[in-house]
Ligand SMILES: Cc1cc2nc3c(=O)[nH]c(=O)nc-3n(C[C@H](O)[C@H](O)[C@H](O)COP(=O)(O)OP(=O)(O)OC[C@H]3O[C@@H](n4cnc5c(N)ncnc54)[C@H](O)[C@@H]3O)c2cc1C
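A lone chain, given as structure tokens: the form predicted alone.
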């Protein structure tokens, strides 16, 4: 068993983990980033950067990373209700300043940020390392025990940051209480060849109605990404009826052009899997010696594409509070206060966003009379530009974030 010491151990090389590790290392704080996978060649979700996330990258000095990796910016947004188009709006860059929504390759993004971080002497990354437990002394966490190809290790640190996602090992090891927010539902998630009817345009389409919600857009790799949101527990019956049956069910809820494309390519779907959605938030982000951020602190619903963007804003706020105290030689009590301050600053935005995310599934998929009334009337009203303009302020926090998040260190 070997021993290693570092100021901060970040567990999990997702967007929250790599960006926080980069910020700490670039400001002279020694940090070790641990990731249980040996590479990033796997399917990711949450690959749409909104203006809030792009602005966060700009503040970090990573704004140009997006241009160096596979990416694509949707040119239009189209909303359909019961397979009929409600409206189509062009996504002008003027509407978003310099930060128009962009779909990126998350594996390429994570690798690019890690490569940038390698330039700093205070940064170290270890891939293929699994955290087995936390080191505790007198009620305080002082590091982790890990297993890798070379065996078991003990890594000591002043702070362990759990950024290891919705199934966080750090969250479980600290026994942090979790509260659910919103409605559970399932998502059938897959890619397929791009349809010819798009004509090379990267329009994002959203289909609502009949208890379903389907979103389709061109991903950074050029394939059509499809997310079919369905009532929880209904997927099993569709699967038992065979792939052609559940593709037919999907095709029934979209426009004829996409329906034909789904049927034609039903045997060439790639990276397909069922995602059980979760929307939750821990009641406390920290214990002495540990902080959780990103999905480990608050698993976001896929509604509104918030995950990666919220994670980047978490990293900025965490860096603002942690860098000043971690630069000091002996600051354990101040580290505890800093982790608590991070939670206090981030909670208002998360509470508002998660409340908003809970609304569309209830309205689109719910069986209440007011849900049916919403589905019958609102799409008709949204045909009018004046109504959409009145509704725009409601969407602003989803696109631009709630509250001003500024890097101050």
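Values in this document were obtained by computation on a predicted structure and should not be read as measured data. Positions refer to the first chain, counted from 1.
What comes next is about the form predicted together with the named molecule, which does not appear here.
- Contact annotation for residue 322: none of its heavy atoms lies within 4.5 Å of the named molecule in the predicted complex.
- Contact annotation for residue 13: at least one heavy atom lies within 4.5 Å of the named molecule in the predicted complex.
- Interface membership of residue 136, defined by any non-hydrogen atom within 4.5 Å of the named molecule in the predicted complex, is ruled out.
- Remark: residue 106 counts among the residues lining the named molecule in the predicted complex, judged by a heavy atom distance of 4.5 Å or less.
- Checked against the named molecule in the predicted complex, the residues 353, 66, 60, 48 give one hit for a heavy atom within 4.5 Å, which is 48.
- Interface residue among 250, 187, 174, 326 relative to the named molecule in the predicted complex, by the heavy atom within 4.5 Å criterion: 187.
- Taken together, the three residues 131, 302 and 306 all come within 4.5 Å of the named molecule in the predicted complex, as judged by their closest heavy atom.
- Across the options 69 to 77, 136 to 144, 156 to 164, 112 to 120, residues that bring heavy atoms within 4.5 Å of the named molecule in the predicted complex belong to 156 to 164.
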